[in-house]
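Just one chain is shown here, as structure tokens, and it is the form predicted on its own.
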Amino acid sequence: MTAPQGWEDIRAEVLRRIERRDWAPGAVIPTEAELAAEFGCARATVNRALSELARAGVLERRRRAGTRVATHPVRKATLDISVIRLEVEGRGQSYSFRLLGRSEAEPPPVIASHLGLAEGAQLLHLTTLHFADGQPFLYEDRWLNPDVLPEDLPGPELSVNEWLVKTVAYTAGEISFSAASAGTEEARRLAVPEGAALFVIERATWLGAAPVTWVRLSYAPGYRLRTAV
């Protein structure tokens, strides 16, 4: 085949191979690295194509288990990693943020274990407060693996959330939603009483076997999540 020019070309070629039964339902397809070598492109380009097919229900992707052709392709509910700035502006409000802290430290054991890190591993720890119309909207507590970053973190004009979505690829992720009572730090940052009910998202992502980030997003009271099905 002609070498693909972009992720859309790779997506189309993968679909052709599935439709021709080169890769039958349930079959494990070649790895991102193998496909990137075959197509003569960056691994990130292959990742984008396969991720889009996974979102459409054509492929099934599992960390450490590879990528398979879906046995029974179905339409899935999709939850994209949102850019907080766009989320706020989409509500008709003005957006701003403030980086509260940045350090290099060993993450708490529960986070290190969840990410599969060796004992003593050092990650970047960043805390950020996001505002809507000048009022606290979201408190972000993030641990970030510096080994997977293609470049240094952005300057003060761009939040780490937005920079990661635009810059750093991932191949697998986990996400959880919960209601939680505001702890001391969250209450102080969000200007709410300690114990106030918050909507919380916890998310972890990996690039292959390497963890990318773990983040806890604590929204101020009144937040509502909407998605498409």
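Source: prediction; values computed, not measured. We call the rigid core whatever largest set of C-alpha positions still superposes within 1.5 Å between the two forms. Just count from 1 along the sequence shown to find any residue number.
What comes next is about the form predicted together with the DNA, which does not appear here.
In terms of contact with the DNA in the predicted complex, the residue from 175, 197, 44, 37 that brings a heavy atom within 4.5 Å is 44. Although the partner is absent from the chain shown here, 6, 63 and 66 each have a heavy atom within 4.5 Å of the DNA in the predicted complex. Using a 4.5 angstroms threshold between heavy atoms, residue 181 stays clear of the DNA in the predicted complex.
In the predicted complex, the DNA sits beyond 4.5 Å of every heavy atom of residue 186. When contacts are judged by a 4.5 Å heavy atom cut-off, residue 48 counts as touching the DNA in the predicted complex. Of the heavy atoms in residue 202, none are within 4.5 Å of the DNA in the predicted complex. Core-aligned CA deviation for residue 216 between this form and the one not shown: less than 2 Å.
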